[in-house]
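This document starts with one chain, in the form predicted alone, laid out as structure tokens.
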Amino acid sequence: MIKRLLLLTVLSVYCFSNISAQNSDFNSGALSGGQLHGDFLLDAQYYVKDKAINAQELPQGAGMNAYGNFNYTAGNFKAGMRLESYEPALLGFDRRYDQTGITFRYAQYFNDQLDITVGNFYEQFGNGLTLRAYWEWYLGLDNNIDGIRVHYKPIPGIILKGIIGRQRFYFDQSPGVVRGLDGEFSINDIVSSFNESKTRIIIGGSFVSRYQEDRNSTLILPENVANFAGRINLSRGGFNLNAEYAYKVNDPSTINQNSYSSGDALLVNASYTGNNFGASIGMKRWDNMDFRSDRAATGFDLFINYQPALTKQHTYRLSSLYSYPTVPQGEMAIQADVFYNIKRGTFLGGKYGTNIAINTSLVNDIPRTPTGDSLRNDYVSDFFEIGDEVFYRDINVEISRKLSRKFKFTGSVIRQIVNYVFQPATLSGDALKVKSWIGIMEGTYSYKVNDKRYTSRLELQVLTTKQDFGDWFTGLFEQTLTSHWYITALGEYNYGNPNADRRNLYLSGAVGYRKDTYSIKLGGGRQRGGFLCVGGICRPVPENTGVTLTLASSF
């Protein structure tokens, strides 16, 4: 298996070096006037036995996720394709990915008014409450639509969209067909009396439906399910308000346990940005709005719409250990952010100024009152009432300050309460509710030696909790060696695990090289288990030990 990885690495570097070298020849050859661009990424890992952490392995010994995008543009025409290879997929990815094939191909014609795409495409209507087709490579999520998409701008200020097709389902397609229309209208561009107004107004609306044949022998399932929404965006100076309401007709599915109740969602975000100050507040109500192109789909398969998480998207290792994914059955959430920059030259601001950021999120269940029809699993829910069950609480305080021309410091204190009672599959351990305190310090030191710039970065993190696996400590160090080479070292210690035999140390390191649009990184060590979350959607990452290789390039 090691030989296979080495061979693949050599071939990848060779092929893409040649593509880059030949690109200029291609553009001046038979297809003159056009341009070919693309990008390539390969993530591979060779797994080794590690009984101390019960590390998982693949029967093949190694796994590999890779893709290559190729896009050709000539005038008003564009076409492209993406080939993906999982031979086999890395641990944590669905085994239905274990193959190689073309997962995205399209042809597109566009001008100032009309844009037509046939084949695969991504699309979003409004905030995505009715439709969002997108790609998150590291989650293994790709719900692109294979069909036809049309964008039309009849006059300035009006954008009309229409789509129809089936969604990607690993290397297959969804059983349901997705159809949708969307219109967006800029009042300031359409109505002459608003042309010079400082208040900018955009309104929009969308309608999306799914058709799926009813083959259920005991229930009468709706074959056509509609989801429609209206939205508005107001802005004036530093103030912005965005609101969208969506309503979905009854859609019995595996996720809602065949409930015939309708669903609705409200998402409101308001923000203000001024001198040295910014603030935002968001509110979300979500009730039975899980909408997929297969009513039997679970996990993050075949989402038609987007289920946004109204919580802070943590990026540090320990603050993201207990991430909160959206509860698809329903929730009520509020999030607020405040940013303030203390001016430089003041007592609190120091010589270079100080930034303070405070964020808090509150998420509760919504109340449900059964109607008594157990066969249809119907219920009603008061739109303005908040349920008693607490899903999530956090408050984050972060201070960042440049202490000198060379050194910058960031410190954070976080209080988190996460309740997984309605989504235990997302939990890494046994506890259904985890309360934790998290402290983070980060320092970055930039300096020059013989006119060459170097950067050292150190992160120290600690998480304390009495639930699940107990206390953790994490240290991360990064160092640039030259303008192209760098090294990283990561250590995580579960020193507070209630089981003394499971107080494991996870050490890993990597060396990387970056130049122009190419990069390569070779690493190795232990990887603790947990969940990788992006935008409220999470993928499990099992404990493992091995050697990793990442190649990336664009041309």
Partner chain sequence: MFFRTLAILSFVLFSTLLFAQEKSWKVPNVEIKDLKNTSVSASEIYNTEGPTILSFWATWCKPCILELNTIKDYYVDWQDETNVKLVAISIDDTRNIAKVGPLARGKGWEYDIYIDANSDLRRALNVNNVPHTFLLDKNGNIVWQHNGYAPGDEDELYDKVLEVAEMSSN
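Just so you know, these numbers come straight off a predicted model, no measurement behind them. Positions refer to the first chain, counted from 1.
In what follows, reference is made to the form predicted together with its partner chain, a form of this protein that is not presented.
For the three residues 213, 321 and 364, a heavy atom within 4.5 Å of its partner chain turns up in the predicted complex in no case. Residues placing heavy atoms within 4.5 Å of its partner chain in the predicted complex fall in a single listed stretch, namely 65 to 73, out of 504 to 512, 49 to 57, 65 to 73, 487 to 495. For the candidate set 141, 83, 181, 386, a heavy atom within 4.5 Å of its partner chain in the predicted complex is found for exactly one residue, namely 83. This chain appears without its partner; in the predicted complex, the one residue of 146, 378, 287, 87 with a heavy atom within 4.5 Å of its partner chain is 87. Proximity of residue 109 to its partner chain in the predicted complex falls outside the 4.5 Å heavy atom cutoff. Proximity of residue 255 to its partner chain in the predicted complex: non-hydrogen atoms within 4.5 Å are absent; the residue sits far from the partner. Not displayed here, its partner chain is kept clear of residue 420 by more than 4.5 Å at the level of heavy atoms in the predicted complex. With a 4.5 Å cutoff on heavy atoms, residue 438 does not count as touching its partner chain in the predicted complex; it lies far away. In the predicted complex, its partner chain lies within 4.5 angstroms of at least one heavy atom of each of the following residues of 335 to 358: 335, 337, 339, 340, 341, 355, in sequence order.
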